[in-house]
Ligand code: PMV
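Here's a solo chain for you in structure tokens, the form predicted alone.
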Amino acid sequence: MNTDQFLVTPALKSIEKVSFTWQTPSNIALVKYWGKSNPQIPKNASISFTLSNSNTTTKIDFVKKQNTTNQVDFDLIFEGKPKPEFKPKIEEFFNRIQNYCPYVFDYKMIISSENSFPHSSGIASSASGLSAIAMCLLSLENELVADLSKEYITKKASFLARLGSGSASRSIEGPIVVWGNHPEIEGSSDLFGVKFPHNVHPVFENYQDVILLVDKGEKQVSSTVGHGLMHNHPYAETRFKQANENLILLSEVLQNGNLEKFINIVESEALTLHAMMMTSNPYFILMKPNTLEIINRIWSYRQENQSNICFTLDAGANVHVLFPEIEKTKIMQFIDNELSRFCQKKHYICDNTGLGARQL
């Protein structure tokens, strides 16, 4: 794995003060990654839909320090208020990327960030948040070095974001991104995400994802802890093999448009993810009773209406309801009339596949 390509080698320009603002989306994995080795290397490849409306907007003000130190200096403002409890994760991120972004020691940074969705509730907030910071850093690097290619910026931003949160590597581009080296996916890498390299069947264009907010509270167990529990998991190796095999199957489905197989793979992956949590030691359950109510009602609706509705889950209680755009009117009625009552205050987020990061 060649990480030297991301080192900063040319002499840097001198910039006293500059600001950049990026909006980057969350993503929802269809084939899940659960289990990793250092530094943030996945045990299996994963593939995700990049979302559009569930995003983080981050502005970083860079002010040149008079004296460079070996300490990263930043303030963090989240949704208008200081968030000291978020700082250790960001500080760890900066420490991990210092060899690739040495210029972070030269600046005082004010990071102002806000989400369009509830934090820490099973929507990948770390994915959108850390990918936004990575894009701001690459904007600064582009000014300091000059004339970086768009391909390099995208690849390095994904590489940096991964060092903060593995799934963040999949939030730079869209609408479908693979992260993790896989022999069947050309250009795939453990170091960064890549766009799905094949032509996608039209049925998956603007695919819908309605996120049912079953539980907006903090997760009982962080994803970092959950990943760590895979090290001694009795079913870990079988799971990693299963995920890589499912990615091959899903790659074919994304090209041929077989929605019946799509549903089977995606729902199986979601339930397997939670099965791994329930069979780790210590074990934990992130689904809530209303999560199961929603799943059962989706299954009934699909059978009764010959629908292509399905669900997936992230590492939390919330349910992502996936369906092709052509079924939007009927399924939205079903969500409004039946599923929304299992959400906190009937809240849900209407989303769809998107194109990734954009500068504001």
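We number the residues from 1 along the sequence you see. Predicted model, so just to flag it, every value in this text is computed and none were measured.
Although not depicted, the form predicted together with the named molecule is the subject of the following passage.
Student: From the list Y33, F311, F49, F62, which entry has a heavy atom within 4.5 Å of the named molecule in the predicted complex?
Tutor: None of the others qualify; the residue that does is Y33.
Student: In the predicted complex, which of the listed residues (A29, I335, L322, I294) lies with a heavy atom within 4.5 Å of the named molecule?
Tutor: Contact with the named molecule in the predicted complex is made by A29 alone.
Student: With the cut-off set at 4.5 Å between non-hydrogen atoms, does P175 touch the named molecule in the predicted complex?
Tutor: Although the named molecule is absent here, P175 would stay clear of it in the predicted complex, with no heavy atoms inside 4.5 Å.
Student: Tell me, yes or no, whether S116 is in contact with the named molecule in the predicted complex, where a contact means a heavy atom of each within 4.5 Å.
Tutor: Contact with the named molecule, no.
Student: Should S165 be classed as touching the named molecule in the predicted complex when contacts are defined as heavy atoms within 4.5 Å?
Tutor: Heavy-atom contact with the named molecule at 4.5 Å: present for S165.
Student: Can you tell me if K216 lies within 4.5 angstroms of the named molecule in the predicted complex, counting non-hydrogen atoms only?
Tutor: Outside the cut-off, so no.
Student: Heavy atoms within 4.5 Å of the named molecule in the predicted complex: which stretch among 52 to 60, 295 to 303, 323 to 331, 33 to 41?
Tutor: Answer to the contact question: 33 to 41.
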